[in-house]
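Here you get one chain, nothing else, as structure tokens; it is the form predicted alone.
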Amino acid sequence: MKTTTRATLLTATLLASAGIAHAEGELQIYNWGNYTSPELIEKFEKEYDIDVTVTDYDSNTTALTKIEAGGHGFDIVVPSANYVPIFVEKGLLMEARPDEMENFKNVAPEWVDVPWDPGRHYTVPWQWGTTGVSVNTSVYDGDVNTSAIFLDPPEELVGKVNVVPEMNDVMALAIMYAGGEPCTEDRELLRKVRDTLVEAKPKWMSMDYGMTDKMSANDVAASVNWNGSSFRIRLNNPDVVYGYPKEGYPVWMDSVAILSDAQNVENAKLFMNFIMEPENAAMISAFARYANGITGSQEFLPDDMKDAPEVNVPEEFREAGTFLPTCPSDAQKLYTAIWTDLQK
């Protein structure tokens, strides 16, 4: 897990020039690493005179474990859609009723009555995207639209592949590669998935989060990765392309939620409403390079996002995408067992 970082706090000089002696409050945000726009945080701090701290995590499992243990001190968390019902069932999220907030009218219709949070009583959209593979074509110039990139790496990529430590994304890719559907409990197919992953692991370089910098610098040649991260890599390193596995790939949405034991509830609600403002949602996307689910934000987005293949799924690969559901507990236990074997 990443270390705690201060997110663009107001400097003493700025406070003095604004005639403000002390911040009126604080907000503790727990979010994925390298995923929070510093400009967005700075704008929020200035507008509400709230001191914001951002702490990073590297997977949904890491976030859930930390929060469930208690004593974390966070106000906001940003789980993926398939984890929201788990957080709710465990009593970890506050029913903050963002659907009654002023800016909720800006949430795009398709993201309002979602199965993981019907009517949006707990969460608001942060960003959404896909999980595929990032590949440096100067190292490997073959087919990149396949999960074989990490499950059966071509010779050029052996020892140069990374796999992000997000269990559900990796398991979904492996299950679909084996011909199954996400959340399957078919034990014969899952044995095949386990064997495929275990046999592939010696050919990997690492299981690490945060490939944006490493692939930009050519330190890693390929990785299971998210589309926005791949977009950011390509802007730094044009040799890197994003592949949509034809065997199937996950589609996801991460959403902002207030924790049930939050200490700064009103400030957290201010932040929820703040990020549903189109111009602010665009700041989130402009930094991390994912779509955001807020109507009207498009006009504020950078021009290079309007036709980027990482953000706009090419027609030929759209049918292969599957929005990850929340798997039943029995399936989750099977996946966790496989994941545990993979860590050995």
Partner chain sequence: MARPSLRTRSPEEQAARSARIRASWLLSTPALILLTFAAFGPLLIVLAYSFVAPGEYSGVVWELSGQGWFEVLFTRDIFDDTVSLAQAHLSIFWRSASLSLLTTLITLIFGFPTAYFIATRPERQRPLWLFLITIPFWTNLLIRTFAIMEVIRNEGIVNTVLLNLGIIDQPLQMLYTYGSVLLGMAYVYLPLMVLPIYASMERFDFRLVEAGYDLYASRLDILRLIVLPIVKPGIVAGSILVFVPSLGAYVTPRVLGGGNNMMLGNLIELQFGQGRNWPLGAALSITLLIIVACALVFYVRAANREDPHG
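Note that the structure is predicted; figures quoted are calculated from it, not measured. Residue numbers count along the first chain shown, from 1.
Not on display, but discussed next: the form predicted in complex with the partner chain.
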ask   = With the partner chain left out of view, which of N236, T137, S206, N273 would have a heavy atom within 4.5 Å of it in the model of the complex?
value = S206
key: Which of 148 to 156, 227 to 235, 247 to 255, 207 to 215 lines the interface with the partner chain in the model of the complex (heavy atom within 4.5 Å)   = 207 to 215
ask   = Could you tell me if L334 has a non-hydrogen atom within 4.5 Å of the partner chain in the model of the complex?
value = yes
query = Does R97 reach the partner chain in the model of the complex if we count a contact as any heavy atom within 4.5 Å?
reply = no
inquiry  = Check N34 for me: does it contact the partner chain in the model of the complex (non-hydrogen atoms, 4.5 angstroms)?
reply    = no
task = Answer for V78 alone: is it within 4.5 Å of the partner chain in the model of the complex, judged on heavy atom distances?
result = no
ask   = Going by the partner chain in the model of the complex, which residues of 310 to 328 come within 4.5 Å of it through any heavy atom?
value = none
